[in-house]
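Before any questions on how it binds or moves, here is one chain, the form predicted on its own, in C-alpha cells.
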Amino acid sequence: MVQLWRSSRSHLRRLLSLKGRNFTALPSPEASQTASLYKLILNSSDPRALSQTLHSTAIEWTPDLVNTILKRLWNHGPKALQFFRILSHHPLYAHHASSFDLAIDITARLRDYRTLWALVSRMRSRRIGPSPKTFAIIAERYAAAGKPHRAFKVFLHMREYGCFQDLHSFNTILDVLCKSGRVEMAYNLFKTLRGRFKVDCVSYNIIANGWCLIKRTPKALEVLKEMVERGLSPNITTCNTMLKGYIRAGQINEAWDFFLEMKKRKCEIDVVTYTTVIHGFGVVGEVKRAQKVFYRMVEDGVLPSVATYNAFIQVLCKKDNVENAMSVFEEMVKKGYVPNSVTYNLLIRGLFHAGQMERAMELMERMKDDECDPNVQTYNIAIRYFCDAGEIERGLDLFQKMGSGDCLPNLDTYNILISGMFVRKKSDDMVVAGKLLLEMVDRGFMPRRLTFNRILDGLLLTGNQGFAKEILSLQSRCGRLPRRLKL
C-alpha cells in the first residue's frame, strides 16, 4: 500500500511537471557543464593538465559559472583555491569582485591569512574592492577562529583599504563580536560610537541578542529599555530575540510569561515566535506543551512553516519517540508541505538512534522522490551509525556511492570513516584507514596530527610496517612534525 502511494505520488508529480509541455525536461547545458567541470577540478591530480583544460577557449567563463563552481567546491577549500588561482592567469577572463569575496571566505576558513590579505590587495590594485561585504566576511572568520580582537582591527582599518565605515558595517562588527561571545567588547564599542553612526533598531537588537547568547537576559532587558527611551520602537525581531534569550537561559516560565504578554499586548506574533516556543518546550522535555502550542498556532491564524515542523519533529525525536515524529512528518506531507534536507536528516538520525537502520535507509531513498537528494550531512549521519554498530562495509558502501555521485565526501566524512576503522581493530581495516588518509590528502584536506599518529599506531600494531613508512613520509610532506619511529 505504501509503495502504491509512493508510485502514485511520483506519477502525479511527473504529470504536473509536463502540464502545458510537449517535451521531457532535461538538465540545462549550463548545469551539465558545471557538473562536469566540478568533477574534473575535484578529481584532477595534475595542475598543468587542469590549467590547460580550464584555459581552453571551448569554455566560456562568466562570473556566475565561476561562483557556482566555487560554491560547489566549498567543502574542498584547497581545490577551490587551486581553481581560482588557475583562472587568475586566464588570458581572456578576469575575476569578478564576487569571486574574490568567495575565495577570501574560503581562504579565511582555511586560516591562510597571508593569502587572504594578498587577495584583498589584488582586489584593491584592480579597483574592484574590497567592499564592506569583504570586510564583513573577514571579520566573521577571524571571530569564528577565536580572534575577535583581529576582527575588531579589521573594522578599524577599513579606511586604509579605501572602504568607508557606515551604519551597516558598524552593525556587522557588533554582530560578529556578539556571536563570538565578546559581548562586553561589542557593548563598549556600541556606547562609544553610537552617536557617530546614529544607531537604529537593528543595532539595539544585535546587542540585546548578544546578552541573550551568553544568558544574561537582565542586561538584554536594560538595552531594550534604553532603546525605548531613545525613541526607537521594539519590533517583532526584538520580541523574538528576548523569547529565545529566556529559553537559552533555561528560563522557560519567564519565556512563557513573555509570550503571553506579547499576546495580551496584541503584538504581531509570527511563525518564528511560535517555532521558538515549541523548540523551547522541547529543550526542557515538555513535549505535551510543545504539542499544544504547535496545534494552537493554527487556531490563532498563524500557519506553521517547514522550520516549525522541523522544530517539532526534533522535539519528538529527542524527547519522545521517533514513531510520533514520523506521524507528524506524514501529516506535514499530506498538508502539502515539502520537507527539506533538515527534516529528513532529523528523522534519519532519529531512526538510526532507535536502531531502525533499514527504515532510515528507506527514508534516504524517499528523499529522492521529494526531489531532495541526500546531502553530505545525510551520508555522514548514516556512515557514523553504521561504523559505530560495527557494520563497516555498509559505511564504506555509502562512501563509495558518494564518490560516484554529485554529493562528494567532506572532511567530516573522512574523519568518521577513519575512526570507524578502529572499531574492529583488524589489520585490513588499518590499511583501509591509511588509504582513506592518502585520498583525503590528495583531495586537499589536511588531517590532524592525531589522525596521522593514530593510523601509524594502528598499522604498526597490525604488522603493516611498509605502509606505515609511506604514511610517515606523507606526514612529513604535509608539514607535520614526524614522530621518531623505528620502522
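All figures in this text were calculated on a predicted structure; none of them were measured in a lab. Note that residue numbering follows the sequence shown and begins at 1.
Keep in mind that the form predicted in complex with the DNA is missing from the display, and what follows is about it.
Only one of 284 to 292, 110 to 118, 200 to 208, 361 to 369 places residue heavy atoms within 4.5 angstroms of the DNA in the predicted bound form, namely 200 to 208. Of the listed positions (R124, R182, K244, R194), a single one reaches within 4.5 angstroms of the DNA by any non-hydrogen atom in the predicted bound form, namely K244. Among K147, R394, H279, H90, the residue placing a heavy atom within 4.5 Å of the DNA in the predicted bound form is H279. Taking the partner from the other structure, the DNA in the predicted bound form has a heavy atom within 4.5 Å of a heavy atom of V271.
Taking the partner from the other structure, the DNA in the predicted bound form has no heavy atom within 4.5 Å of any heavy atom of A186. Among residues of the shown chain, K79 is not one whose heavy atoms approach the DNA to within 4.5 Å in the predicted bound form.
Shown alone here, D105 lies within 4.5 Å of the DNA in the predicted bound form, counting heavy atoms only.
Contact annotation for 149 to 172: residues with any non-hydrogen atom within 4.5 angstroms of the DNA in the predicted bound form are H168, N171, T172, listed in sequence order.
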